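This document starts with two versions of one protein chain, written out as structure tokens and named structure 1 and structure 2.
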Structure 1
Amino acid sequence: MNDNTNSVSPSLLAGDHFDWVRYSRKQRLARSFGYVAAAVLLYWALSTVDIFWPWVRTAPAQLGDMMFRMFPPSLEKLNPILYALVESINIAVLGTIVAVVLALPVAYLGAQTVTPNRVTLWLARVIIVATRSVDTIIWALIFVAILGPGPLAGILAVAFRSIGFLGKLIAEAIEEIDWGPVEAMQAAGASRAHIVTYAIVPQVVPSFWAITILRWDINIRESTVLGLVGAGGIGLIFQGAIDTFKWNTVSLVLIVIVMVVFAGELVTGIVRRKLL
């Protein structure tokens, strides 16, 4: 490069013409295709969706009106709200605990590297997929239908939804462990139970706590809506206030929910920093 670049290039100051376009032809084609596909999908959705358009036009006014009525929040129902809030938190905690107990064996069976055989692996996978794909509130519908309204249905709903979540992530954590210690234990003649307690559990413990705390944080949020289908907690008061147009109570409930979820995030942040 020494020869040509160290001499004055004639084109540096007065120039030939060059054409430049931002992407290569192929890239531009791919991009245009992507844009067109997205536009077509969106057009289809917008033109066929079942929306009553006059309502859309009045929506900003309606929303503004509602906000106006929410202000100021009324403290009238503060006591029952706090009581229901505690119930929501209890549902989240107990539900998470039940889920952990049930998820551990599922995770063990669902981890490809340690599961005893193919049948157990698939059994675990079916449990994980089925519980994970059904949302907490749908589980709540099911359990309310079986057990009747109340926090027990809520706890089980939270627990069932969490089994798949915890099971999947813990199984992945088990699959990612360093296999060396397991082999060392095998070489030392340890039984399966010993291998699990000495070589697997210690390696999985940090991820286990991280995953559990994460799910607990999510469950706090989930538990706030269970009351809407009768499964206990603050959602019941929320629904009641909406049905009776007590907008000042609705706003208080919303504020309380935002605060408790925010507090939950702070707690998980602190615990994560302390523990891990």
Structure 2
Amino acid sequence: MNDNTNSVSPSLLAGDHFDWVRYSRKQRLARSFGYVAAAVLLYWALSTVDIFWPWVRTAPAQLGDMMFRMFPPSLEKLNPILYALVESINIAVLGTIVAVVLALPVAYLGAQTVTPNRVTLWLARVIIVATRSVDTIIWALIFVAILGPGPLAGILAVAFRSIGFLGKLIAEAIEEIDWGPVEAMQAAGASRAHIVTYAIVPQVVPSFWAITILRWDINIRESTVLGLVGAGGIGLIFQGAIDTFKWNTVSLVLIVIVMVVFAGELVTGIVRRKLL
């Protein structure tokens, strides 16, 4: 009997009583081996991580004390927090715009069906992989080291992180278009520019807006932490409040960040319904 089916006693053929077993013996052994292997892997992973367990045991008490210090939130620095929040939103918006401008040619060259040759295809894919592989915080650290602290470093960090995301998804959207209009324009002798403008772009526009709105929503969230490394925004106030143990200010910053992320979700949902 196949091991992938439930095991049934041969006495069933003679009409005798039989015991139904969900897994065969071989399957039970394989599952048991899998559980043991998972437990060994988990133990090995924990043993390679330097965890100070006394701190873990006192974490509930520390959390309770921190929550007690956080509430009620202090409104003393509400105006600077709101100003920094606007700066974070502007970083996300400008970074997304820069990323779109840079990602469109990368997406075109990265689409197998329209790229001029394999050199441009691999060049685009290297750019996509390189920009997606580096986290926004790392990009921010790089640009802070180059340009100094400030929102410009944050804008470029958001932009460079977004290029790979936008380029990959837009390239996939280009590869999935209906090639009927493209072939018709090619048969009519249209130039490459006309084919792109009138046959490819109209089909990609809905996906383009959906992808861009999604990335903007992600950038709103990521821009709130860039200040932790000096790249501007509300994260700078957040880090300063933690460093000075002003937990009432920390709680206010967290509340503001949650509210702006929730508002971003609402805005992106409304825009998506209007445009798509």
Partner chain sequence: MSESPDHYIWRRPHFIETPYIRYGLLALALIYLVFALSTVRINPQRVMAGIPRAISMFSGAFPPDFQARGSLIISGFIESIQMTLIATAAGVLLSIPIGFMAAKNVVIKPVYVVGRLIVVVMRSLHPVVLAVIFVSAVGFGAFAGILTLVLYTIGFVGKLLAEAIEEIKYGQVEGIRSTGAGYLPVLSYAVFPQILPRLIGLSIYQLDINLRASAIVGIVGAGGIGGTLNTAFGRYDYATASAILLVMIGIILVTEGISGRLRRFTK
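FYI, numbering is relative to structure 1, first residue = 1. Think of the rigid core as the biggest set of C-alphas that the two forms share within 1.5 Å after superposition. If you're wondering where the values come from, they're calculated on a predicted model, not measured in any experiment.
- Structures 1 and 2, same chain in two forms; the form predicted on its own is found in structure 2.
- After superposing the rigid core, the Cα of Met67 is displaced by less than 2 Å between structure 1 and structure 2.
- Put the two forms on the same core and the Cα of Phe33 is off by 2 Å or more between structure 1 and structure 2.
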